[in-house]
Every structure is written in C-alpha cells, then in structure tokens.
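Single chain ahead, by itself, as structure tokens, in the form predicted on its own.
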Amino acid sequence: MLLLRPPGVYRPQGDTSLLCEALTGAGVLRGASVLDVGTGTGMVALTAARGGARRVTAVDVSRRALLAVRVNALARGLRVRTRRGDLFSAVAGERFDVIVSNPPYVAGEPACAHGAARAWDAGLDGRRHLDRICAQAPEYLHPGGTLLMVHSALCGVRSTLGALHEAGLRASVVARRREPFGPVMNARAGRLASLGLITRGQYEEELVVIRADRAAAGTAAVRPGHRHAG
C-alpha cells in the first residue's frame, strides 16, 4: 500500500503488515467501531476501513501523522476520523468494538523520546507504552470487544499476557514472525546486548501479535491467576 509519509512519521514495516494480516484474519471488522492507537501513516486504520468497519478512529500524538492519515484516507475514498492525543486521552469516555495498536516498543534508552524517536523509543525495557495500553484498554472496549497489538518479543511476551490478564482480558499470541533488525535496532544492537536483551551478533527479532478479548456482557471476566497463553 503506497502511503503519504511526511518526515518524522513512522514508516510502515514488518510489524505493521503483520498486525494488518492479523486484523483482517480475526473476523472482527464487519460493522465494528475500530480505534487505531498510534496510527502513524494510518495503514492499520485504512485496513480496518477497507475491511468493513462501520467507524474507524485514528489517534496519534503527531500532527504530521494525522495529516498523513487524512490524506491517505481521502485518496482511497475511505472515512477515518482522526484525533490527536497520547494513547487513549483523545477518546476519553468512548468505547470501541476493536482496538488495534502498533505502539513504540524499541528498548534501550531511559529518557522520554522527542521528535521522530517518539514513534519507536519506549524506555529501557521497551514497555513504557505497552503497560499503559494493557492497563487502560479494557476501559475503552465494549463487552465482547477485542484488542490486537503488535510488539517485539524482546519486550516480554509473558509480561504483556500477564498484564492483560490482570486487567481482566483473555489474551493469547495469534501471530509470530521473525524479522531482521531495521535501522533503529541495528544502531542500538550494542546497547541492547549490554542490557542483556539480545545476544552479541544478534540481528533479528521475533514480532508477535497479541489478541485480548473482553468478556461479553453477562460473562464472567478472566480472574487474575487464570491465564490462557494460547
């Protein structure tokens, strides 16, 4: 999919395509309200709109990203609502049938990112945004709703599954793919090795898509400690 991408906006890569494949194959789009958190160029939001979603909302902290989404949607005759904000802050009080996210998850830098690095930097362990999404997503899902999120296995798949279960969602890994490091990861390989997140000479990572479902109305939620890793 050829997309407008202004400078500083995250370029769709293997993680984006893996998430799009998982979304279209999940059987959750027809007639759904969809929220794309950290939309970037809007590739996942556009996939949702094309796939039969009733309403699609794309959120990003970057004004350039939201401009790209609007142009990319207009060029394809698709309707995507855009909102600027940090994760869920732009849609406070709303709920959705499906939430999708390809959040920043690159580990290795302790300071908060600025500029283009906001699209990938996520603290020393890569979980600065992942943990917030896991904790907050249930509040924004309708009963019976679904969260689909992609990140590197280097950030801790068990940590994500555990956080989602603690939040009351039933979670499992639904897609995996090994990918060579991109420019950011290659530049940070030495730092990641010193932190023990990769081995010396490692230049690929496993990407995972995690699906988490909120119990339907009238159905008991997952109790902490009762986990289904899939």
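When you see a residue number, it is the position in the sequence shown, counting from 1. Here the structure is a predicted model, which means the values were calculated and not measured.
Quick note: we don't show the form predicted in complex with a small molecule, though the next part is all about it.
Contact annotation: the small molecule lies within 4.5 Å of heavy atoms from the stretch 61 to 69 in the model of the complex, the single such stretch among 47 to 55, 159 to 167, 61 to 69, 176 to 184. Although the partner is absent from this view, residue 146 stays clear of the small molecule in the model of the complex, with no non-hydrogen atom inside 4.5 angstroms. Of the heavy atoms in residue 123, none are within 4.5 Å of the small molecule in the model of the complex. Shown alone here, residue 94 lies farther than 4.5 Å from the small molecule in the model of the complex, counting heavy atoms only. Interface residue remark: residue 138 is not counted as part of the site for the small molecule in the model of the complex, having no heavy atom within 4.5 Å.
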